[in-house]
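Next up: a single chain in structure tokens, the form predicted alone.
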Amino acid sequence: MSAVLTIVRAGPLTSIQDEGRFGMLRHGISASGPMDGGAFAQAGALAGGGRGGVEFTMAGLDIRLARGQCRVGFAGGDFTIRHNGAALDWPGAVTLAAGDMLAVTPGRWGNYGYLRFDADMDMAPVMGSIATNSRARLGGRVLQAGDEVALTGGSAAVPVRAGPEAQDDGPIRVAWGLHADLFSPELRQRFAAAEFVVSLRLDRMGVRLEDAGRVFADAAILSLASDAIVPGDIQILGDGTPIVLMRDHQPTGGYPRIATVISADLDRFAQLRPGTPVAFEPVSVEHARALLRSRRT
């Protein structure tokens, strides 16, 4: 089976992703992969499990099937999707024939959505993955209007791992980070009690937080020797601004990381739109591991 998609309209940072490029951090390359891994997996299961998919941002996406036939699964934040003008349920799936259009526009919440297919995205892996790393310029590519994407072959269906059905207002859970002890107990308590706001300055590398309470304004330790970073690290910049590092994070950083968003909540954090209040709740590493295991069963 083969098919060709044409990108008719693409918002900023629309890209090709797969599960990620793991094991390359020692070479200075982050794993990348989907910002919302659960929604990416859910869209793949709805489609039939082909390799790779399209990640689009809040502005949405329009595609046309130029040639062939394929099944498309879609999931992610809340979006509206239309097939040749007719509204479909979100998340869901549809079979496209040559000439068919899919139009995706934003709904009530969420920054990222996914289209997955019952065939593989036809492109050569780079370092074992087709995931687009927008910073290192590796993998698939950032998609723009007029681009064509070929699909070929097919894959066995993958297990369903459900993405969020609605935006959760609860705190984002974190584990204390590598440098937490460099901050005073009083400052850590202020961090845990504070309410931040997701700023307009967000991308696949990181999300800056607005800090009206100036929690870190008087912090003294804001520069360190660089060491390794993982997705979800909350780094405190030199001016006291907190930034949550995401899938295309830099390999090392010289600012202290007070905490790390746990894996079970990182998808949910990625879907918080600018202007959304966010609070952090510290949990133990053992609790974070138990939550991750429960998602995988």
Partner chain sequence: MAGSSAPQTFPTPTIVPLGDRSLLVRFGTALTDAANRAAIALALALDREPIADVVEVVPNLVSVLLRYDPLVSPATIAGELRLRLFALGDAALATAHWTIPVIFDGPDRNEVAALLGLSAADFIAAHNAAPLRVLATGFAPGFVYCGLHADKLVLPRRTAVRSAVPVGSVLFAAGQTAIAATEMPTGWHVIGRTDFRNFDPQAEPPTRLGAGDSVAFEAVS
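Values in this document were obtained by computation on a predicted structure and should not be read as measured data. Numbering follows the first chain given and starts at 1.
Not on display, but discussed next: the form predicted in complex with the partner chain.
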Assert contact_stretch over 39 to 47, 268 to 276, 247 to 255, 55 to 63 against the partner chain in the predicted bound form, heavy atom within 4.5 Å, equals 247 to 255
With the partner omitted here, the residue among M101, V126, A219, A194 that in the predicted bound form has a heavy atom within 4.5 Å of the partner chain is V126
The one option of D89, E186, D169, D227 with any heavy atom within 4.5 Å of the partner chain in the predicted bound form is D227
- Query: Using a 4.5 Å heavy atom cut-off, are V4, A97 and S134 all in contact with the partner chain in the predicted bound form?
  - Reply: no
Q. Though only this chain appears here, would G23 touch the partner chain in the predicted bound form if you measure heavy atom gaps against 4.5 Å?
A. yes
Item to check | the partner chain contact at I243 in the predicted bound form, heavy atom, 4.5 Å | outcome: no
| field | Any non-hydrogen atom of R9 within 4.5 angstroms of the partner chain in the predicted bound form | value | no
### Task
Report whether the minimum heavy atom distance between V142 and the partner chain in the predicted bound form is within 4.5 Å.
no
Applying a 4.5 angstroms cut-off on non-hydrogen atoms, the residues of 175 to 193 near the partner chain in the predicted bound form are L178, H179
